[in-house]
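Quick setup: one chain, the form predicted alone, written in structure tokens, and binding and motion questions come after.
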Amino acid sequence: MKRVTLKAVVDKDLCVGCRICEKVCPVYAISVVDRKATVQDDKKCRGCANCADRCPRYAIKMVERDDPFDVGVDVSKVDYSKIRALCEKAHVNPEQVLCYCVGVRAEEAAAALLMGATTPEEVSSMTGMRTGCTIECIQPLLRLVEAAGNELHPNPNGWQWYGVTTTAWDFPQEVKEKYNSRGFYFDEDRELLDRIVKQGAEKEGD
């Protein structure tokens, strides 16, 4: 759950329409129209300040909202067995915190996807995920989006993400054979991670 208390406000006199703001917004709430940055609907803004922090002209400021609101997903509204199945497919534990800035757990992101979200931006809008540093949580989020059956289509105008990185579940056999004798334990690491992902499932089944 995130309390959104700020919103982006553009000084049109200072804005030069460079588009950096729209490239870094994790929910695409801001865009350049007629060479000026514009927040078409400030309810879409999640108050992360990415646009203001990166504006080279200091044309964007974060101001207090008159109408703060909460964003978050109620996981109790989704069949938890489906949440767990989706998380296991993405190799994350449902209770694992994916977004440390906001405190979003994997179960919340999975619930958002099961409730209809299909893109990282939609999950971010629903949960608040990626509206802090926007860095640490992107890879597990991409894995969840793919595990839910959605294709990843990077926005050609955005700087948000560039594809899923290799994980312990993806190493080719030839790579493992080449480096196993050098102190790497690929299979053992994967077995440990699998146990962590499934931790708690047995208790739920009791």
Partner chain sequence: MDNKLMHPPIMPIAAKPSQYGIDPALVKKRVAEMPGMVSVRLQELFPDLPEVIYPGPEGALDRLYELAKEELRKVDMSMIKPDQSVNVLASHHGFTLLGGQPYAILLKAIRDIVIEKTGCKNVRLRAGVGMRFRETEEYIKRYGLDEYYEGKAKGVAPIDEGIPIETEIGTLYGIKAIYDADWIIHAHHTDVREVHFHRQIDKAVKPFSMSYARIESRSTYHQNLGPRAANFTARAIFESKFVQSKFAFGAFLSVGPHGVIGVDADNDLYAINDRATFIGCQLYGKVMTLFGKIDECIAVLDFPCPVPYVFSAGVIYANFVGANADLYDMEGTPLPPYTWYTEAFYNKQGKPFLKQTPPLNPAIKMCVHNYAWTGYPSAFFSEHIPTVVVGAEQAKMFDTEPMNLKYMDHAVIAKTTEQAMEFAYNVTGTDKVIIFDGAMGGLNCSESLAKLLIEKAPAVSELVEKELMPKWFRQRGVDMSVLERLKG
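Just so it is clear, the structure is predicted and the values come from calculations on it, not from any experiment. Definition used throughout: the rigid core is the maximal C-alpha set that superposes within 1.5 Å between two forms. Positions refer to the first chain, counted from 1.
There is another form of this protein, the form predicted in complex with the partner chain, and it is not shown here; the text below is about that form.
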The partner chain in the predicted complex: contacted by all of Cys133, Ala168 and Pro172, heavy atom 4.5 Å: yes
Options 31-39, 145-153, 47-55, 66-74; stretch whose heavy atom lies within 4.5 Å of the partner chain in the predicted complex: 47-55
Partner proximity in the predicted complex: Leu114 to the partner chain, non-hydrogen atom cutoff 4.5 Å: no
Exercise: Glu121 in contact with the partner chain in the predicted complex, heavy atom 4.5 Å: no
Contact flag, Arg195 vs the partner chain in the predicted complex, heavy atom cut 4.5 Å: yes
Any non-hydrogen atom of Asp13 within 4.5 angstroms of the partner chain in the predicted complex: no
Residues of stretch 1-34 in contact with the partner chain in the predicted complex (4.5 Å, non-hydrogen atom): Met1, Lys2, Arg3, Thr5, Leu6, Val24
Glu191 C-alpha shift between the shown form and the other one of 2 Å or more, rigid core reference: yes
After fitting the core, Phe171 CA displacement of 2 Å or more between the shown form and the other one: yes
